[in-house]
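Only one chain is shown below, in structure tokens, and it's the form predicted alone.
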């Protein structure tokens, strides 16, 4: 028996935050959409990350995209009809005492960010600890953004998927696409169970698996799969509103944390492990968790004495330059990419979805996407 063929204006491979938000904004524009997810929407990197909704620390050229995203986050509850637990509670980016040269870099970044609409307040050690007394003596200075915050990554992508479905998008889970090709005007997609999908536009938002999909179109894109180290502690009285991160060139020091309303401390960053997309496996290495707590004790000494009650990880795709692939294919008309967000995609995710929908529907966008061109790797 021949499998039925599903025809839509746009097919999307990958049901993370980028794919689900793109489906929502495409459906808002009146396009028919089939979003195809191997597992459940938001199950991988989009649902296992830290939940940082931070603009500061991003490349200056990425701030227009981040600004678009922050407007969506602020209106998410009304827009989606769901609470994604977005809190505009602030974000602090600090530097440690042995890196005083970072103060000058913070000042330069703040000046450039202001031109892009992001106001940052620079605080010396004494002023920083007066406002945030839980910070440790190793913290030398900080950059505070009052308009950044955090959200719940487990809720975000599913909320966009449900909202897209209400607008008519087809959200098709448990559907692994095993091959895609373009024949004449349409992309022909085949699922593992034989189902067929057709669309003149294909958007690839498949995260760490996207390089394989791009390879079906002879667009070789190097991606390295990695696994973040995440943990959550026992609850303590709520006292820390902003998310906190470290400005440093040393990966082992890049710890970040936030406190949720229930009192638990959510901790991420520092060293990452390998992950295995083909097996849908990632692992938390105990030594990585210990490294996190080593540097957490420098950031906020009292927190390092808390008990960890859960650890987890996910599968993320990293590009060579830690910048995403975003925009049209360099080889195949009608093919678009949005992946390779290298552990920094959660905040910009809804902005990526809206930008890709705009690009697909109108052929243009005012958001600068040239730095994310697929052909920058020479493929």
Partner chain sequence: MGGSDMSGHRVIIIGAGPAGTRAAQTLVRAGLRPIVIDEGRRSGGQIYRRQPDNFTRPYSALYGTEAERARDVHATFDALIPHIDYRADTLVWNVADGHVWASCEGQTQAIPYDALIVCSGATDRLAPVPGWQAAGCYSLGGAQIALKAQGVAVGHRVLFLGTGPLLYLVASQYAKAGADVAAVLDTSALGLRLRAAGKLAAQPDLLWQGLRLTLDLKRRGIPVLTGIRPVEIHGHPHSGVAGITVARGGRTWRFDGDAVAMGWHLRPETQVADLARVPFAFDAATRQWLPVVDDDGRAGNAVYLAGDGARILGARCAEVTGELAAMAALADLGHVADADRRRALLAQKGDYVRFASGLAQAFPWPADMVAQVGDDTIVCRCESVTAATLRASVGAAHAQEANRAKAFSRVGMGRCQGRYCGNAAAEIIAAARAAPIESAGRLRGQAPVKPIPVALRRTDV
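Residue numbers count along the first chain shown, from 1. It should be emphasised that the depicted structure is a prediction, and the values quoted were computed from it without experimental measurement.
What comes next is about the form predicted in complex with its partner chain, which does not appear here.
Asks: Within 4.5 Å of its partner chain in the predicted bound form, do 97, 115 and 376 each have at least one heavy atom?
Replies: No residue of the spot touches its partner chain in the predicted bound form.
Asks: Go through 319-327, 340-348, 37-45, 59-67 and give me the stretch that gets within 4.5 Å of its partner chain in the predicted bound form, heavy atoms only.
Replies: The contacting stretch is 37-45.
Asks: With the partner left out here, check for me: in the predicted bound form, does some heavy atom of residue 287 sit within 4.5 Å of its partner chain?
Replies: Contact with its partner chain, yes.
Asks: Spell out, yes or no, whether the shortest heavy atom distance between residue 79 and its partner chain in the predicted bound form is within 4.5 Å.
Replies: No.
Asks: Would residue 181 count as a contact of its partner chain in the predicted bound form, using a 4.5 angstroms cut-off between non-hydrogen atoms?
Replies: Close contact is absent here: in the predicted bound form, residue 181 is far from its partner chain, nothing within 4.5 Å, heavy atoms only.
Asks: Counting only non-hydrogen atoms and a 4.5 angstroms cut-off, does residue 311 reach its partner chain in the predicted bound form?
Replies: So residue 311 counts as contacting its partner chain.
Asks: Counting non-hydrogen atoms within 4.5 angstroms of its partner chain in the predicted bound form, say which of 131, 195, 162, 198 makes the cut.
Replies: Looking at the other structure, the residue within range turns out to be 162.
Asks: Since exactly one of 88, 190, 170, 264 fits, which has a heavy atom within 4.5 Å of its partner chain in the predicted bound form?
Replies: For this set of options, the contacting one is 264.
Asks: Within 4.5 Å of its partner chain in the predicted bound form, counting any non-hydrogen atom, which residues from 292-311 show up?
Replies: Heavy-atom contacts within 4.5 Å come from 293, 294, 296, 297, 303, 304, 306, 307, 308, 309, 310, 311.
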